[in-house]
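A single chain, nothing else alongside it, follows as structure tokens in the form predicted alone.
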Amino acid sequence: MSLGRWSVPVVGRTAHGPGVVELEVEAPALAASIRPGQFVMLFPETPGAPYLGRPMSYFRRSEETMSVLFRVVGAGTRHLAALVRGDRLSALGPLGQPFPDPEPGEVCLVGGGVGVPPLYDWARTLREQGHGVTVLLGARSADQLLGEAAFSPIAAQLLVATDDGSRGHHGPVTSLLPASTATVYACGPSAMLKAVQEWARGRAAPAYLTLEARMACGFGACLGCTVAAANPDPAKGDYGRYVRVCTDGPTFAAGAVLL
């Protein structure tokens, strides 16, 4: 499906801990076309809302609905979090590239903090394809841990870690990465992604990093979400030194970007 923009109604709102909200919208066309790894730009249709949308990876979807899970961090997300059933917002998408298929063998998904949402539907899809998936979830503390109940029925193995030891392993979630080679998909804070990058480099293992970035457009025009490319493309001149999170990503092979 090509890029589209819809005005969609909010049909559900759920709190997931301090400052974290899941919004469910009725958007059958978008839900049918979006693929794991892609995202949308959301624009609250409320007075005083910021002009620019907010990029959001989707969390769950059904035939009729799609949800996003996010933490309130500024004006845009405050407006989104204040929406209730019956309110409307504009959704632009699907945007970005889907997750690449895994290599044969083990698959491990690593989510840290609010980096968890884009991995849920990918885990469900991989299970439907016959893959056994290990899921590693991390957070600063137990009250900030997201997704454990959602992933539990679909993960072959589910492990959690918290920085303060209040839930699961005491330490970074990346310390739970498998000792063997596996295809790893990771989304979370920069420090976590760098640790996955080092893990993959040390084992020559396939790994993919889903990046977050501030975006003005979501479709490559503004160049506001660029990150440095590990292997610049000389054919593109100065532009080849960078890749765009919105159109080239948001997921990149671990060795393709400089963090």
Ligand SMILES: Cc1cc2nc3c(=O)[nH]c(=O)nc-3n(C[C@H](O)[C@H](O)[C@H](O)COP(=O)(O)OP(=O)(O)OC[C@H]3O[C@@H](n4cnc5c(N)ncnc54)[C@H](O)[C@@H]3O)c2cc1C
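All of these numbers come straight from a predicted model, not from anything done at the bench. Residue positions are given as counts along the sequence shown, with the first one as 1.
Absent from the display: the form predicted in complex with this ligand. The rest refers to it.
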- Query: Heavy atom within 4.5 Å of this ligand in the predicted bound form: which of F70, W199, F43, Y208?
  - Reply: F70
- Contact with this ligand in the predicted bound form, heavy atom within 4.5 Å, among A191, A230, A213, A32 goes to A213
- Item | Contact check for V110, G112 and G168 against this ligand in the predicted bound form, heavy atom at 4.5 Å | no
- Item | Distance check, P117 to this ligand in the predicted bound form, heavy atom within 4.5 Å | yes
- Should A27 be counted as a contact of this ligand in the predicted bound form, where contact means heavy atoms within 4.5 Å? no
- Query: Using heavy atoms and a 4.5 Å limit, would one call P153 a contact residue for this ligand in the predicted bound form?
  - Reply: no
- Query: Contact between G76 and this ligand in the predicted bound form at 4.5 Å, heavy atoms?
  - Reply: yes
- Proximity to this ligand in the predicted bound form (heavy atom, within 4.5 Å), stretch among 76 to 84, 99 to 107, 170 to 178, 120 to 128: 76 to 84
- Of 38 to 57, which residues get within 4.5 Å of this ligand in the predicted bound form if you count heavy atoms? F39, R54, P55, M56, S57
